[in-house]
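This document starts with one chain, in the form predicted alone, laid out as structure tokens.
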Amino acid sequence: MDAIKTTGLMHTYPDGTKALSGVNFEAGCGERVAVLGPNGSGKSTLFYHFNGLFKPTGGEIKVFGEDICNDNMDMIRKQVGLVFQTPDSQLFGATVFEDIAFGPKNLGIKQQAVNERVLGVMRRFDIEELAHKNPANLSGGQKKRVAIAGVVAMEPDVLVLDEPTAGLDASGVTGTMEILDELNDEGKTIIISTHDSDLAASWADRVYILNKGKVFRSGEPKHIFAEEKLMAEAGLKHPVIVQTFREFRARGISKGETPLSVLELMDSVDMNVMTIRCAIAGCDVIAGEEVILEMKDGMLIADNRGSGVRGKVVFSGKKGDDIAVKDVSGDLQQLAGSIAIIRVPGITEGGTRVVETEKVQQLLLDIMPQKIGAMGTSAKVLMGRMNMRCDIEFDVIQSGILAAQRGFNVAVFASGGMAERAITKIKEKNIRHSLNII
């Protein structure tokens, strides 16, 4: 069953403006859907129909198979939580705590349970210090997080977010999307609108492109973004990864399907084309001399000692010089490092309150990672609680894999179900790995 499905949905505003013209839309249970489109394409209007805020002037909309009507409106709004693009349209409480508590209170939940739910959500969004502040005095990014937290506190089955990352800095974007991923791991359907084609390409299971109130195209990201003319015709920017791949392919460097991440872009490179490898001389070298290649501090080092991957020096150089090596024989993959995934209990499993920090410290001594990353609320809370430095904060799994491919041993703290997702991606890249439960 679809979480939300529209058929021929139409909406005309009182002034005669046709905002939606026969929109067919589906979001499956547990799916991540991104809706792209230029300003005025109908994204917000479409979203306002998902929980009955707007009524269609034509067509139909179903939520978990049920038509929206006056008799089931309260149930629909428990199931579908809507976050507005502008936080000021949603925040009205005297304090952040009261604002987040408003929704759960209206569901008839007892005060003690409301308090516990609000505290849990504030921990998840890292806004506990804002509890007693007036929402009107917050920054734009803080308002955005509070607005999302207020909807999450109602525990809907579907979260619909209109431009959830607009106005956020890089850290805010990463943190918000990680929280949405955590909620998705818990089984919730997530629907967002965005102008960020890079975000949609890397995050969504399904993409819809709206233009002038109609579905211009829909499908899996790898199919949508592979069509070169599509984005320009829709008035949207091509993802940077896709643009880079097309330039590489035109020059005979890359091949295969259109990549949607840096890792996929690296996999698209035809290594037979790359006959020359750049390296750092680990000692004085002479042109034509055979050298041994190893990874050290993320760089390819050429030395005249050891065994393993071999190559020949193109030009003579002194120790520490940038040099070129050709005729490389052997698999550079064997020089890669490893990734240890450390699973931290998720919020719903007790979070960091059930973690023995001594066990974590011993585990890190055993692993001896050169780089550490954290993904998910519990993982980041644990890092702060243990005063640990986080080397990898953005695109943690992708960045961790890239670091391992450059020879680093990496430890990634991952909250709840995000650990299993990380292991799946790491296995696809044949990186040495381990899963550690704490």
Ligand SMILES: Nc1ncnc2c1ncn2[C@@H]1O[C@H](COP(=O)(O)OP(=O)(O)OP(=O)(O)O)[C@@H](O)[C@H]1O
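Because the structure is predicted, anything quoted here is derived from the model rather than measured. Residue positions are given as counts along the sequence shown, with the first one as 1.
The form predicted in complex with this ligand exists for this protein as well; it is not shown, and the discussion that follows is about that form.
- Look at 368-376, 407-415, 40-48, 383-391: in the predicted complex, residues with non-hydrogen atoms within 4.5 angstroms of this ligand sit in 40-48.
- At least one heavy atom of residue 17 is located within 4.5 Å of this ligand in the predicted complex.
- In the predicted complex, at least one heavy atom of residue 195 sits within 4.5 Å of a heavy atom of this ligand.
- Among heavy atoms of residue 134, none comes within 4.5 Å of this ligand in the predicted complex.
- Mapping the unseen interface onto this chain, residue 85 counts among the residues with a heavy atom inside 4.5 Å of this ligand in the predicted complex.
- None of 99, 294, 163, 181 but one reaches within 4.5 angstroms of this ligand in the predicted complex through a heavy atom, and that residue is 163.
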